Ligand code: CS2
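We begin with a single chain expressed as structure tokens, specifically the form predicted on its own.
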Amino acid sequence: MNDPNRLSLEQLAAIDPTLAKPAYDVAAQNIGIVHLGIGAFHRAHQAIYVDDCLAAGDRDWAILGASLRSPDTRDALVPQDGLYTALIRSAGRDEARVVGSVRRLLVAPEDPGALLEAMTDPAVRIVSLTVTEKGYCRNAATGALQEDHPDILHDLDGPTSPRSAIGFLVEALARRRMGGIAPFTVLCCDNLPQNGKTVRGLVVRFAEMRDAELARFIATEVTFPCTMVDRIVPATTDADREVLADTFGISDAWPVATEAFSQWVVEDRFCNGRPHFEAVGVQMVAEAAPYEAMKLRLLNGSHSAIAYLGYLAGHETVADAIGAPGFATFVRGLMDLEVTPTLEVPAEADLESYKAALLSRFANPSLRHRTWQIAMDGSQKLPQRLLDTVRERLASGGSIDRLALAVAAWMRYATGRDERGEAIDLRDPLAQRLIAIDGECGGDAARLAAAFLGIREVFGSDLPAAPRFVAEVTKALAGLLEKGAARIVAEFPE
């Protein structure tokens, strides 16, 4: 049965006038951006900035969103003409807006040719990505392309029907080169260190494995700006849908919920034009690395620490965890004592205000950001969120107590069983390998720590050979196994 209140272009004029909605002709916008990985984060962040650009008159930059795995987003949004609602949740107050920047949706595995055709269209001048850390087929410890990854091997063998984001980028660029079409800018918006440079290295290396001339073309003609993205976006829940229905009388199958805070820092290096991002609040800079390090190490590093310790301590959400005894103090100490000394802070940044704001954002009870969600794919996240900071602290001789506890908490979580002995729904590319480690080590902290540190894709070869790091992590893991996360955090010295 059709829902008469279902969000759509036809329904725009009839929806609650207090709900912000596009003031431009949504159907008349031209697609200029293909986005790979059209999940909740993109729709709560970059797509909203693009929506603002369209509203300001940049009508040639609407988005074609492509899912590389699941059809869920396409299935939900096509009946809504690509429209969806962003629910901005603050303590005690909800605001909402309808976003119109996503004009077309594809599911890559169903028709890779259609996506390649779209990426080859001369009107498309930017291909952006939010495919998560694991979506780049890279070695998390070294940053290099994982050349034996099944998707990479598949895409080398069958380049016209790729599976990986890297395969799609290279094949589309190859087609544009052969057709005399100017290349697009590759705009990575994932939490990778030096994300533009990292993705450039992956793309060029994959292209080298196909064709040396193609690799040279990409290396010289395609730009890969580094970016920093910052907005907390939990998974959408039925409660979010109910808020929209009850408060605004609108039915939306796939809204996004997010916080009020949003930041996007982008290096101004685009080979084929761009929207007027600076007019809608994007910080266009010459060098994004200092902003990226601040965010990766302070926000994402703290988030991971909260996720693993909080989950083990029995807290479902970040807000629940940060309000528990010792957690806020522990996280602030992690930021101040172990992360801040590793940062090169931009002159215009107010670091103390940023850290205070992070604690306030973590404590926002309306977001319901699950610790389990943040804990996913830890083997891919740890290197840039925590381990790069550890390396700098070891080199400087600084303390690593809090960092070591966060790493040990990941190990404890990655055994696949919680402190009550119940199974954890462990979502990680290395899940089977991680769970097997616990079975082999029988709960012995020293053996567990040594086995986890032996995962070179995560820890490289340097950290397992660093005596102080090994000792600190082993001690922290032993404490977690003996006392539990809640007690360890509550008793952690200030």
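All values derive from a computational prediction rather than experimental measurement. Note that residue numbering begins at 1 and tracks the sequence as displayed.
Although not depicted, the form predicted in complex with ligand CS2 is the subject of the following passage.
S.K.: Does N300 reach ligand CS2 in the predicted complex, with heavy atoms at most 4.5 Å apart?
M.R.: Result yes; N300 sits at the interface with ligand CS2 in the predicted complex.
S.K.: When the contact criterion is heavy atoms within 4.5 Å, does R74 count as touching ligand CS2 in the predicted complex?
M.R.: The answer is no: R74 has no heavy atom within 4.5 Å of ligand CS2.
S.K.: If you check in the predicted complex, is A108 within 4.5 Å of ligand CS2, heavy atoms only?
M.R.: Residue-level check for A108: no, no contact with ligand CS2.
S.K.: Wondering, does R412 line up within 4.5 Å of ligand CS2 in the predicted complex on heavy atoms?
M.R.: Contact with ligand CS2, no.
S.K.: Quick one: of L214, M335, A86, V229, which gets a non-hydrogen atom within 4.5 angstroms of ligand CS2 in the predicted complex?
M.R.: The residue in contact is V229.
S.K.: Taking ligand CS2 in the predicted complex as the reference, which of R368, K295, R274, R176 has a non-hydrogen atom within 4.5 Å?
M.R.: Residue within 4.5 Å of the partner: K295.
S.K.: Does the trio V127, R200 and T223 actually contact ligand CS2 in the predicted complex, every residue with a heavy atom within 4.5 Å?
M.R.: Per the other structure, none of V127, R200 and T223 touch ligand CS2.
S.K.: Based on heavy atom distances of at most 4.5 Å to ligand CS2 in the predicted complex, which listed stretch, 420-428, 379-387, 324-332, 149-157, is the contact stretch?
M.R.: Careful reading of the contacts points to 379-387.
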